[in-house]
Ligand SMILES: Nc1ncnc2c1ncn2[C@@H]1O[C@H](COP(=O)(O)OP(=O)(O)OP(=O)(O)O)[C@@H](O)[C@H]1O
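First, one chain by itself: the form predicted on its own, in structure tokens.
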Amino acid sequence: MSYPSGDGRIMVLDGVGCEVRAGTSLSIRGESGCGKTTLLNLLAGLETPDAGEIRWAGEPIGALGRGVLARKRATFIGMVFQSFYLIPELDALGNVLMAARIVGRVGPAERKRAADLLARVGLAERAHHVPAHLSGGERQRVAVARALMNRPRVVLADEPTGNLDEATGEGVISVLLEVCAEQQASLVVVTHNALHAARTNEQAFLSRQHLRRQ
């Protein structure tokens, strides 16, 4: 994967292979600017590689039309971002349900699942609070619940504790690991925190455009 720069291109990822087995967790560490977020975006089908292939459950996604890919992503991939990206006008329950709205399914069963997920991440009493009235850790827990709403097979988390203090971050990573395991979702988490990385089933380090398993 490369990006245009002036009269040429900057190579960000070259020869990187990343296989995530079903039901496992993988942490990826690396220096700032080494391409960790780009790798997650490629795995999510949000960017298209210059060469190589992305496969979801063995199926190449490169030939899928944009609409088909977006619909498939909504149920196959759940994403957690460092900056939360919650909708400020919606309460916690509404933000979790937004994932279901994207695939056109918002009924009693989906509302119950959203409420159950908020309870699982410790926010049952905060379901009707808007993001402005939630702490940073609570907002990230809402984002974790939202990522799991459509029962994805894979959750991709980009520095999910980067904006949180140490204690709050530890709580969020614990919830993320535990709930993904309960939902049998694979987890790929990009993090600078060595202690958080050590808690995943597998660890890797991205350096000089190569992903090295540790």
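A residue's number is simply how far along the shown sequence it sits, counting from 1. Because the structure is predicted, anything quoted here is derived from the model rather than measured. We call the rigid core the largest set of C-alpha positions that still match within 1.5 Å between the two forms.
FYI, the form predicted in complex with this ligand isn't displayed, but the following is about it.
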Exactly one listed stretch (28-36, 174-182, 61-69, 160-168) reaches within 4.5 angstroms of this ligand in the predicted bound form by non-hydrogen atoms, and it is 28-36
Exercise. Any of the heavy atoms of G8 lying within 4.5 Å of this ligand in the predicted bound form?
Worked result: no
* Heavy atom of V12 within 4.5 Å of this ligand in the predicted bound form -> yes
### F81 C-alpha shift between the shown form and the other one of 2 Å or more, rigid core reference
yes
